[in-house]
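Taking the form predicted alone, here's one chain by itself in structure tokens.
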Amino acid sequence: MSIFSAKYRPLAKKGFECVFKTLTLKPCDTGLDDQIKSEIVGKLLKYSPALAKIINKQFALLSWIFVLLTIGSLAYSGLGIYNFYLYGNCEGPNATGACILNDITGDYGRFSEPKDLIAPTTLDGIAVGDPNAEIKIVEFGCFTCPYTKKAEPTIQQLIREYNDSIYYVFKPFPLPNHNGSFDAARAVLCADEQNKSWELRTEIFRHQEICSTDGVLAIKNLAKNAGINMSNFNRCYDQNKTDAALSRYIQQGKDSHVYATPTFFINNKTIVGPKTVEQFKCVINENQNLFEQIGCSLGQWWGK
């Protein structure tokens, strides 16, 4: 951090010179190592003479450890940036979550349009709208994923505005790194047997944090609040009656190469991550005039 401070920039310069010489097996003659050692040992003497003695004796070894940790940290950070540029995730193409760069940049997929995603071949799932509608939106989402929750208000607005002009299908795709994701997905599928899936999913997204921490107990309480017949619900849930359906949806997501939630397939186009209503409309509205197309392109370019 001293690089960005005029006061400490000379120390940074000495530090880089010392690291370079150390890596090339040359002695560090900048005097920085002696200066740092004396300051550290001097301060430690006030609190622990024994520890100060150890630091003074093993300073070279400790310096090497910190140098290697710094190099490893920089390399790992570089790998994360590389993966994010290519795959839209710090951990690479097989990652199931998002990374901090998603929030910083506002991008939840690749910088270019995802080319490896494949639209699912079926429209089975938790659906609303007209199955014969020209525009079909299929979402793979995780009920305890914060990004799926973030996209939910946008989806609800689109359903209200377009009404029967679109057919929306939600396919549960629980992620192992999100606590309670499988329990929530099984519960919503059980609720769907009573035509109460929308009520329960609303409750789960509204109380997502509780579902992640308290698990099944919280989810069953939410099911009761959603007006679900609990006898039938408990029988369905406790006997794992929706496991086969959930496994089918998970396999469909894998077959579609879904690598982050939420992932949307809008006819033959894709959106990864929560986007604005305007960005969804740009993809939905195919018959646009030239000015609308330019506006959509500029909006997507600037991430608005």
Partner chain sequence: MNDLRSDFPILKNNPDLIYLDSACTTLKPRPVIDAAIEYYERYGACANRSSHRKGRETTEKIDQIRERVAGFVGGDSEGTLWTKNATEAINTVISGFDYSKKNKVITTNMEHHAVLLPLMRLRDRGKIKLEVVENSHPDSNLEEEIRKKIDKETALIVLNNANNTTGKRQKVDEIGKMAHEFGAKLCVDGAQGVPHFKCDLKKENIDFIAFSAHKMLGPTGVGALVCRKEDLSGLRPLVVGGGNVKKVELNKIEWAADQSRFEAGTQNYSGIFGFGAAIEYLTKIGIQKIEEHEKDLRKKMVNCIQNAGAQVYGDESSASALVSFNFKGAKPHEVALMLDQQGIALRSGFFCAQIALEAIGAKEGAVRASAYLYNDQEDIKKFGEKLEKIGKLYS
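Numbering follows the first chain given and starts at 1. Note that the rigid core is defined as the largest set of C-alphas that superpose within 1.5 Å between two forms. Bear in mind that the values here come from a model prediction, so they are computed numbers and not experimental data.
From this point on, the text means the form predicted together with the partner chain, which you will not see here.
Contact check for E278: no non-hydrogen atom falls within 4.5 Å of the partner chain in the model of the complex. Taking the partner from the other structure, the partner chain in the model of the complex has a heavy atom within 4.5 Å of a heavy atom of K53. Mapping the unseen interface onto this chain, L68 falls outside it, with no heavy atom inside 4.5 Å of the partner chain in the model of the complex. With a 4.5 Å cutoff on heavy atoms, Q58 does not count as touching the partner chain in the model of the complex; it lies far away.
Of the residues N267, Q35, Q251, Q239, just one reaches the partner chain in the model of the complex with a heavy atom at 4.5 Å or closer; this is Q35. The stretch in contact with the partner chain in the model of the complex, judged by heavy atoms within 4.5 Å, is 35-43, chosen from 255-263, 60-68, 35-43, 242-250. Using a 4.5 Å cut-off on any heavy atom, none of the residues of 144-178 reaches the partner chain in the model of the complex. Here V277 does not count as shifted, since its C-alpha moves by less than 2 Å between this form and the one not shown after the core is aligned.
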